[in-house]
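Below you'll find only one chain, the form predicted on its own, shown as structure tokens.
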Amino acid sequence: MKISCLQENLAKGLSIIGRAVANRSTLPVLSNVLLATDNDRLMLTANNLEIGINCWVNAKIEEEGAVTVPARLLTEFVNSLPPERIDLALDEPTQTINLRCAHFEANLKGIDAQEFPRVPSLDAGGEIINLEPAALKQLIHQVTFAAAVEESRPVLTGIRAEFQHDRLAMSGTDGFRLSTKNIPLAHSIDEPFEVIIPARALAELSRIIADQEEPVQIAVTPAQNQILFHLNNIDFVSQLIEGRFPDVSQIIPKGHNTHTVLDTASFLKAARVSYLFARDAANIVKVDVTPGEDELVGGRLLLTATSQELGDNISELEANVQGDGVEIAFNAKYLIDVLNVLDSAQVALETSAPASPGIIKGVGDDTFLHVIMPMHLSR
């Protein structure tokens, strides 16, 4: 293998695939990055057996070939080089790759490319589904934060993706909150299906989508154990989670007694202030909703957080309240998390009783819904 490419192109490609490199693995080759010529481009691949990424960068190919080299060392070395041309040459008998750039030179000892697990391409999948990148990124942003972090129930660390005839709906829950969001599909699909995608994989995909303008192509492998995302010059593959996801329809309350509308930014700011006191008291923040006396006098929402050692805080917000007054408690951090992902200027809080879940959604947005479980208030 003998190739040359620009330092900035190689550095960018390595940054894209970097999160898919295995940090600790019984297979040393998984700590490496695969460098392989592919027609007139250089393909970079990382695979930790949970996610795998192919990234293609422009290069001048003089001799075909492939090798795997330590990902961390290669990335740090390339990032240290000046923005000039890098020449790479592989000595096949020793599996050592020589890199030259300006006045810098290095030899990296590699492992045979045949030992590296390849990342499947879109051709290996079934029906191809197209999604607008901005809509997919927003979908991921508004759902993944609600997934569980602990591995005690692996299925809850994933996001259920329901590919319906004309929509994609995603749901994430950790048992204390639920986020669900749907977006339209560019083209209707013949056979609806659902899969569970690791939330961590979707978060990484969202990072990669950042500069994407063309539609993202999606397919599931025939074995139904991997999902493929094809972007411009990038293939992203994730393993799927096996198991039964909770029935979302059973979690969402069917009605409410109180409908409270208030400014999203003001609610978020008040929740952040309350959290300063609530974090020393199991994150409990009390929400006290009071309707207006008449149409001329608006309602209000009080946020109260109390710390036995530090003190207390009360934040009062103007609100449009329909229905009965209610006093309920929520996890302040959970409130901040959901208000952070809302795009709507106003937010609606729907409640039924102190011991019943609340619903949070953006006013004017019927594609997103968040259910938050109440916390116990000691009298």
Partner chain sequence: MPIQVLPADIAAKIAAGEVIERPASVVKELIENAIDAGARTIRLEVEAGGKRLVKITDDGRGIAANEVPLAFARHATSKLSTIEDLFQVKTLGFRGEALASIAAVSRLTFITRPEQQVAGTLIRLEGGAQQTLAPTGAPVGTGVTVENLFFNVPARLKFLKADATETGHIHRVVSHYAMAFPEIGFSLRSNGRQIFQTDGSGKLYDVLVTLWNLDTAKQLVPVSGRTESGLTVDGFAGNPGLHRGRRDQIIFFVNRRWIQDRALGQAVAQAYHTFLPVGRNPVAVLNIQLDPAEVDVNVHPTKAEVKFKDPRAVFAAVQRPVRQAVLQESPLVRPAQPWATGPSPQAARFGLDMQRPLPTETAFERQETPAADDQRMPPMRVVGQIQQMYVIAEGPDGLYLVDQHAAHERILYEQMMARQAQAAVAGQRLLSPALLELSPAQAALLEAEQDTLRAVGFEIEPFGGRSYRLLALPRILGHTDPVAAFLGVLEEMLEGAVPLARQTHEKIAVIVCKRAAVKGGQTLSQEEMKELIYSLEKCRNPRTCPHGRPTMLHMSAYQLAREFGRH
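Remember, predicted model here, so these are calculated numbers, not experimental data. Numbering follows the first chain given and starts at 1.
This next part talks about the form predicted together with its partner chain, which is not shown.
- Residues placing heavy atoms within 4.5 Å of its partner chain in the model of the complex fall in a single listed stretch, namely 329 to 337, out of 38 to 46, 329 to 337, 315 to 323, 64 to 72.
- Annotation: in the model of the complex, residues Pro215, Thr264 and Asp366 none come within 4.5 Å of its partner chain through any heavy atom.
- In the model of the complex, its partner chain sits within 4.5 Å of a heavy atom belonging to Arg177.
- Taking non-hydrogen atoms only, Ala282 approaches its partner chain to within 4.5 angstroms in the model of the complex.
- In the model of the complex, at least one heavy atom of Ile251 sits within 4.5 Å of a heavy atom of its partner chain.
- For the chain shown alone, Thr173 is a contact residue for its partner chain in the model of the complex, at least one non-hydrogen atom being within 4.5 angstroms.
- Arg153 is the sole member of Arg207, Arg153, Arg85, His187 with a non-hydrogen atom within 4.5 Å of its partner chain in the model of the complex.
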